[in-house]
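Taking the form predicted on its own, here's one chain by itself in structure tokens.
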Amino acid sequence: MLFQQIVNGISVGSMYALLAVGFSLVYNILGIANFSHGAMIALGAFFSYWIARYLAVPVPVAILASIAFTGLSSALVELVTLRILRKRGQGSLYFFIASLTVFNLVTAVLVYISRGNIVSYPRAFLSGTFTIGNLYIPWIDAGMLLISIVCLAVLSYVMFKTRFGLAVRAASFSIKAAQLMGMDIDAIIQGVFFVSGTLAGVTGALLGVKYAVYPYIGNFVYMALFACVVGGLGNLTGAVLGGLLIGLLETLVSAYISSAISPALTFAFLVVILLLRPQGLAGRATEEKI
């Protein structure tokens, strides 16, 4: 039973890890908590659902289309809101308010369009279970874990083996120094938002498949924030670790204590981390970037 819950926790935690990495990417380069990430999660869930239902395409195709849509949407948010604030030299508080406003605006629009209803995909995707010894593993959980591993591997390649990744790492160290070296900071930041949006899109779609599609599914962005704080803000490896730990904690508490108390214990765990190790478990303190 314990191993069964650990497998479930790792599966859910892998989704939190993807969200946290996308959240951490933006923080790493701009030093802001980008809550428009939650809007991309919700758009990813709804867009893939709409395509699967109304265009009658296979769910994997709908998810791929949703990933592209949320990536472009995230880049658009950066272009029409955050970039304008950045060009005007506004402080971090204004970025936070703007991103939170985008999140609430998209959520409100989705509530209106869906009339607050909870819906499920029109056809099964990765349904059923398979067994390994005494473990019964849902295909959707295995699929979520595998997809998250692939996404993280691709992201790792992009960040450490491409010119774009080198530019992102340079800009995250010092935007001013990167500008002095002739880098196009606007293009780098927009690329980061695009990558962040694609990670939010795939996670939103998969969470919609596992649970359901509803307007407030974007609230999973708070799990991304918690994972980043637990692992260490600005640390991508720490974001993955934080996501897995929170997924395990949430699953084990729900299984052995109560699902009602699970959020409270997650908050308590976060408070303990902040008190005992404010730089996160990865052990790397971050500096304000702007």
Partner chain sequence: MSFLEGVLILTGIVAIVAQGVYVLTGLTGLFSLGQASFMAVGAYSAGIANLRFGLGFIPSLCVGVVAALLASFVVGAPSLKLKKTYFSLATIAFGYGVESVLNVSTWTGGSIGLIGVANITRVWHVAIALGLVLWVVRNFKLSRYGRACVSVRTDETAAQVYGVNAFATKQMAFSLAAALAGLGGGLYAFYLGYLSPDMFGIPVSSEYLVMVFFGGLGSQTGAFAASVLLTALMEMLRTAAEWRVILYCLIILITLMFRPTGLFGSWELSFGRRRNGSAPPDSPGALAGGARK
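Positions refer to the first chain, counted from 1. No experiment lies behind these values; they were computed from the predicted model shown.
In what follows, reference is made to the form predicted in complex with the partner chain, a form of this protein that is not presented.
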Interface segment, criterion being heavy atoms within 4.5 Å of the partner chain in the predicted bound form, picked from 146-154, 85-93, 196-204, 68-76: 85-93
4.5 Å heavy atom contact, Leu43 to the partner chain in the predicted bound form: no
Give a yes/no on whether Leu55 approaches the partner chain to within 4.5 Å in the predicted bound form, heavy atoms considered. no
Determine whether any heavy atom of Leu64 comes within 4.5 Å of a heavy atom of the partner chain in the predicted bound form, and answer yes or no. no
Hey, in the predicted bound form, does Pro60 get a heavy atom within 4.5 angstroms of the partner chain? no
Can you name the residues of 252-267 that have a non-hydrogen atom within 4.5 angstroms of the partner chain in the predicted bound form? Ala260, Ile261, Pro263, Ala264, Phe267
